[in-house]
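One chain is shown next in structure tokens, namely the form predicted on its own.
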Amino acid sequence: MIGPMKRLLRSRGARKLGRDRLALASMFVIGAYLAIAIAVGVFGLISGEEAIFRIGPDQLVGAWGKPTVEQRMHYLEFYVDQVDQAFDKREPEKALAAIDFFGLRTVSTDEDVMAEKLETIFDPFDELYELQEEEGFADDPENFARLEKLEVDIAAMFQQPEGWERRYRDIGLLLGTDRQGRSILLRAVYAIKVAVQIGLVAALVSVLIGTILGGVAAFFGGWVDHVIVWLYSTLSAIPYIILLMVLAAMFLGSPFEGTLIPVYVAFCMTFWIGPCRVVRGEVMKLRELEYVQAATAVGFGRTRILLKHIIPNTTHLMFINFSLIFIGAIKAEVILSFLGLGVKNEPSWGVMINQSRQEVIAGFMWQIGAATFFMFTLVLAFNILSDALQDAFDPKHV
């Protein structure tokens, strides 16, 4: 396998790929995604707890958005309620100490100090809350001044984080929060690990299975070929999304429900069909070439000829199918998660899109926009790279 790999890297196709600037840019984007996935999955750049941790009020507008007066009042109401609810606990001081929104904590855990600060806030807050229901509230400059003063007073109840903790909080709030007050950016970045993990496993296993079965079917022929062709023809006759849903639903109620195992099984049992068909057609041509006939005449076993002389010469097809299955798995995961059959216990782009349905109805597009953008960028990069690989290595295009 090493020999054909070296020849592939030194081939005319590899040189052509190296001159394609768009393909190189796509590889850079893919590399960046892979680096983030490794940083999150291996080095814990973002933990699963941080991705589901409440960082602030729900549906907080991102850094590039301008919240309405109603939204600003809603954000203030959230912080006032957090302090007020702490006094209803059995041990208020412990409840005040437990308030922590990504480094944003109360200026004091002393019950009397915070009660005094809260008392000065309640009356002007209630008055302004009632005024905002009146027509023309947003047109009165005096109301804006009162709102800004109230924002300053409520912010004074909390001590702002400093140093890296402050920068990390600012980064977390860059794209706002979802309906549970969780950071949209942190969830979208954490979902890169899930997407890359699913794409790699599905693509590697599917290409491996498809290449072996396709090579065996074409090289050995006879009943082996008939069985394999019947198998992928039967699976291909079932609507793709229905087959994925059935395979994923098989794990409902099992210990594997909520894990990535059902997703892996569903994808690997369906995505091998494409590589199998392509490799089978290629091996049918390769088995008639002179070097295969010479190896047979020398007395090499058929299995050795297949694994050592034929399969390595389908490497270009393996690369192309790997990239195609990678993006196919990512898009399929989004569909399954949106339907509630995919990822469940950790953030993914499909989960984010599913959870943003009510937000979209309310006109809040930050979560669905973030998930779509991150997915679109990776899929586009792989699509461009797949086309470049076909142009460079597929004999039909060379």
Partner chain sequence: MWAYILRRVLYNIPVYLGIIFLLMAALRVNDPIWGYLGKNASHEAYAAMEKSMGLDQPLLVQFWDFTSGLVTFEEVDGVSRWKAGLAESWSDKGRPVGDLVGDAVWPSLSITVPALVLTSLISITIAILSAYYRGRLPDKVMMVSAVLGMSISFLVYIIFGQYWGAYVLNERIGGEFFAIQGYKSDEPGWWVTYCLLPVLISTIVTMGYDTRFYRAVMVEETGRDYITTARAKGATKRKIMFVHMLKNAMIPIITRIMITLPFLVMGSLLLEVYFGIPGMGRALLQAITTLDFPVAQLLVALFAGLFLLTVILTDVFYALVDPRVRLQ
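Numbering follows the first chain given and starts at 1. What you see is a predicted model; the values in this text were computed from it and never measured.
What comes next is about the form predicted together with its partner chain, which is not displayed.
Query raised in the report: Just one of 130-138, 145-153, 203-211, 242-250 has heavy atoms within 4.5 Å of its partner chain in the model of the complex; which?
Result: Among the candidates, contact is made by 242-250.
**Report entry** Partner-contacting position among 230, 223, 164, 122 - heavy atom within 4.5 Å of its partner chain in the model of the complex
**Finding:** None of the other options qualify; the answer is 230.
Requested in this report: With heavy atoms only and a cut-off of 4.5 Å, decide whether residue 372 touches its partner chain in the model of the complex.
Outcome: The answer is yes: residue 372 has a heavy atom within 4.5 Å of its partner chain.
Query - residue 44 within 4.5 Å of its partner chain in the model of the complex, heavy atoms - result: Close contact is absent here: in the model of the complex, residue 44 is far from its partner chain, nothing within 4.5 Å, heavy atoms only.
Query raised in the report: Do residue 259 and its partner chain share at least one heavy atom pair within 4.5 Å in the model of the complex?
Result: Residue 259: no contact with its partner chain in the model of the complex.
Query raised in the report: Can you check whether residue 368 is within 4.5 Å of its partner chain in the model of the complex, heavy atom basis?
Result: Residue-level check for residue 368: yes, a contact with its partner chain.
Query raised in the report: Which residues within 336-353 place at least one heavy atom within 4.5 Å of its partner chain in the model of the complex?
Result: Result: 338, 339, 341, 353.
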